[in-house]
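Before any questions on how it binds or moves, here is one chain, the form predicted on its own, in structure tokens.
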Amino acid sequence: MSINLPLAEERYTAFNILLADDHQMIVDGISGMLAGEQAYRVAGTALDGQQAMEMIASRPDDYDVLLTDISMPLLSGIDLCKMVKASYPRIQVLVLSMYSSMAAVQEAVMAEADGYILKSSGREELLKALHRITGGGTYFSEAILPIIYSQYEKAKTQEDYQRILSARELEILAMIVKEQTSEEIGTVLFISKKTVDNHRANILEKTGCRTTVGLVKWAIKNGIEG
């Protein structure tokens, strides 16, 4: 006689977030936003950049995501991002800032931040950004994308970079800039995910980039928009 046992409760592995902001109200507010989320957990908070860096340095495996403000005492969010990316590249960095100026966005991009959203964004966009960066992609708020594109002069003409990348690679790169995954790109172009990944690897090699963030930066500098 067979015995039907109850199914084991499904388990979720949450991404651990270190939240760094010098305003306690922001810390409490974001912690509250994520309190009911199974996929994301605020595992630590810091009220300045130096404290955040010390927490990561002492237990780097405890954190998957750094969610940081830009303007903080002792160590700015930009410098914090640079240090984390240099020493702990596994940790994804999402900048959450009230600044939408060209200079602020440019600093974040050059510091290798994986994403940038404004503090005026709601819970839905925060979750969307976290989903993107923990999935290996990037996320830059639609409100600041025009700023990113306008902050660089087109250093090379289309003819210049067409000598580097094929038409198909340029097409895929433009879709990467739009933060589409390999599966999404494959669906649109009617090719397999493996083929997209091969193109992505070739694009990385030809442009001298190592990461998706680097590719986005390269595309922006060369005027390739999604």
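So that the term is clear: the rigid core is the largest set of C-alpha atoms that superpose within 1.5 Å between two forms. Quantities reported herein were computed from a predicted structural model and do not represent experimental measurements. Just count from 1 along the sequence shown to find any residue number.
Beyond what is shown, the protein has a form predicted together with the DNA; the following relates to that form.
- Residue 59 falls outside the set of residues with a heavy atom inside 4.5 Å of the DNA in the predicted complex.
- The DNA in the predicted complex comes within 4.5 Å of a heavy atom belonging to residue 167.
- In the predicted complex, the DNA sits beyond 4.5 Å of every heavy atom of residue 207.
- Within 4.5 Å of any heavy atom of the DNA in the predicted complex lies no heavy atom of residue 45.
- With the DNA left out of view, the stretch that reaches within 4.5 Å of it through heavy atoms in the predicted complex is, among 26-34, 47-55, 60-68, 187-195, 187-195.
- The rigid-core alignment places the CA of residue 26 less than 2 Å apart between this form and the one not shown.
- After superposition on the rigid core, displacement of the C-alpha of residue 201 between this form and the one not shown amounts to 2 Å or more.
- Relative to the superposed rigid core, the position of the CA of residue 185 differs between this form and the one not shown by 2 Å or more.
- With a change of no less than 3 Å, the CA-CA distance between residue 70 and residue 177 is smaller in the predicted complex than in the form shown.
- Compared with the form shown, the residue 39-residue 200 C-alpha separation increases in the predicted complex, the change being 3 Å or greater.
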